[in-house]
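What follows is one chain in structure tokens, specifically the form predicted alone.
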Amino acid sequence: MLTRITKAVLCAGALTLAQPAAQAEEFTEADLKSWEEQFMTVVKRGEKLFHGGLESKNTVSCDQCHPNATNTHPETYPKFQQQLGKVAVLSEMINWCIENPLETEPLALDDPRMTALQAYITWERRGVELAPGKH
């Protein structure tokens, strides 16, 4: 015998099946070119920030510890970070570095500078296989 909850779940499932499948929007080569240009503009801004553009209180910059973002390993996040004592995402580790070695106020997660830093760091590691949790 079907319970009221089972009937509700079956009805919801039937309604879901009756909906047309969502389809991705079509896009053109011009769209791709425009999006790539916008992305690379953000990457270039991140590169400038990474190499001294964050105006740290003590003149330390990201590249003094991480030349060209080579040892930031964004492909390994999320992972346990000893400095934070928890599993963290890349933006949390960026803010740890901003607050500690740079001795500056952290960035909001939706700050365009945070997006730019992550874009640059990830761009520098393009082609590296994802390995979440790896040390």
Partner chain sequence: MLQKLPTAGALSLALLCGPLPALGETPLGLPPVPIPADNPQTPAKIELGDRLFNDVRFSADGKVSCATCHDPSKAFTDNLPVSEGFKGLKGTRNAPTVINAAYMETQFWDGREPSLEAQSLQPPINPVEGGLENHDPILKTIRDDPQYVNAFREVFQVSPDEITMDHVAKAIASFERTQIAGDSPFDRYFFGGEEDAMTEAQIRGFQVFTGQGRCVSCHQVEQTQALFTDNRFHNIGVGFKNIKGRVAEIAEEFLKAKAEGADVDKTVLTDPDASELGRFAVSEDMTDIAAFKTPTLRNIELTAPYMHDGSQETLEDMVEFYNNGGRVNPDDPVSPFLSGGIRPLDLSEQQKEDLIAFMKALTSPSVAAATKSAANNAQ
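Positions refer to the first chain, counted from 1. Please read these numbers as outputs of a predicted model, since none were measured by experiment.
What comes next is about the form predicted together with its partner chain, which is not displayed.
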item: Contacting member of V87, M40, L32, A108, with respect to its partner chain in the predicted bound form [4.5 Å, heavy atom]; value: V87
item: Non-hydrogen atom contact T28 with its partner chain in the predicted bound form at 4.5 angstroms; value: no
item: 4.5 angstroms heavy atom contact with its partner chain in the predicted bound form for E55; value: no
item: 4.5 angstroms heavy atom contact with its partner chain in the predicted bound form for P101; value: yes
